[in-house]
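Form predicted alone, single chain, as structure tokens, below.
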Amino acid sequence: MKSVYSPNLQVFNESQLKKLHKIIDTPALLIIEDRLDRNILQMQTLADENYSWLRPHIKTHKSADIAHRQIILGASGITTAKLSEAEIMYEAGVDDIFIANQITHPLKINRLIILHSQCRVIIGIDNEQQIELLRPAFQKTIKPLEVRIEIDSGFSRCGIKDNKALLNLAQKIMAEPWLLLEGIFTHAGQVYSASTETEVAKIGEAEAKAVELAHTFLHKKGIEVQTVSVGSTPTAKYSVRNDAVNEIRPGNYVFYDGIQLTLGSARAESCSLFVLATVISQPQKDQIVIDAGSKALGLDRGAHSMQLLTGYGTPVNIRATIERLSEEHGILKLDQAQIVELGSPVIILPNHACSVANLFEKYYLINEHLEMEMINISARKKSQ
């Protein structure tokens, strides 16, 4: 297991941290605004330089405010994991949405047709049975429902695995006037089990190759699609280099986190999301307890059963390991025995920003002058 501590994680000096701590109740979720904006701009630049659209996944930040920042800087639209997230984003003024998921529940299909009538919405598909489930609601619509066929690029989750199934599904979609085959997409989620940057690069290249081969195969069969889409923060800089790829869908890049540091996807000074906590007890000279437990920090220590990280987050202003979490308590082992002032602040880099953001109601956006703005996490807990 790895520690991701680095002096470059430091975002505030002791005086600044104490000043913020006096006016922010804890546990709280902080965003460093200049880092956030720099991350957004860098990913947009990567997409632009490689002649690709950037359609960021909002499941990381779940915030309409941040989604609008991404769109203002050039994003073509957004990606969501859930229909409920898409509904929230539309209500906030976002009108070009890809739901990178399959929708089969009848109640969701009824909601989808309403959203479809209000804005541009694209959904994923990987099985002809989904066509039959969608048919009763959509077959009489004037505007076709746009769909993208999901390609399995090695994650073994959803997605088409062979050309025969791909051609069969594409032809069935094209035979329906109420459907429009807009593109193909994939997600190389297996990258989160990588142990080296070289392995990350190989997975990113393979991710792009999978959709390139699918795109070429469809073209040879006389089937053209507009979008060839890949998605993941670690693989984006590798997969986007493939000329067949014309859209990337990273999400975590706005914040980065401990997992991204272990994968080599970011430098410490790019991390923009932190949990602010308070020391509430010191049972021993080498142990302190903070008011942030599993309901603030989550339980991730890696991804997909790979425990990559030491502890449940990385303390930034004190050298310690978060060894245990209760629901509302974090137990930290100090690197060196010392007396710690009760009521003092501890700032922590989360292991996994996406799951931590979903635990809070709002962000505290902090600019370089320590001015603060509260931002609602508008799609938090939207899992339907």
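Note that residue numbering follows the sequence shown and begins at 1. These numbers come from a predicted model, not from an experiment.
Omitted here: the form predicted in complex with a small molecule. The next part is about that form.
This chain lacks the partner; the member of 232, 153, 314, 272 within 4.5 angstroms of the small molecule in the predicted bound form by a non-hydrogen atom is 232. Shown without its partner, this chain lists 77, 251, 293, 183 as candidates; in the predicted bound form, only 251 has a non-hydrogen atom within 4.5 angstroms of the small molecule. Using a 4.5 Å cutoff between non-hydrogen atoms, residue 59 counts as a contact of the small molecule in the predicted bound form. Of the heavy atoms in residue 192, some are within 4.5 Å of the small molecule in the predicted bound form. Shown alone here, residue 157 lies within 4.5 Å of the small molecule in the predicted bound form, counting heavy atoms only. For residue 148, no non-hydrogen atom is located within 4.5 Å of the small molecule in the predicted bound form, even though that partner is not displayed. Per the 4.5 Å heavy atom criterion, the small molecule in the predicted bound form is contacted by stretch 242-250, the sole one of 106-114, 242-250, 211-219, 163-171.
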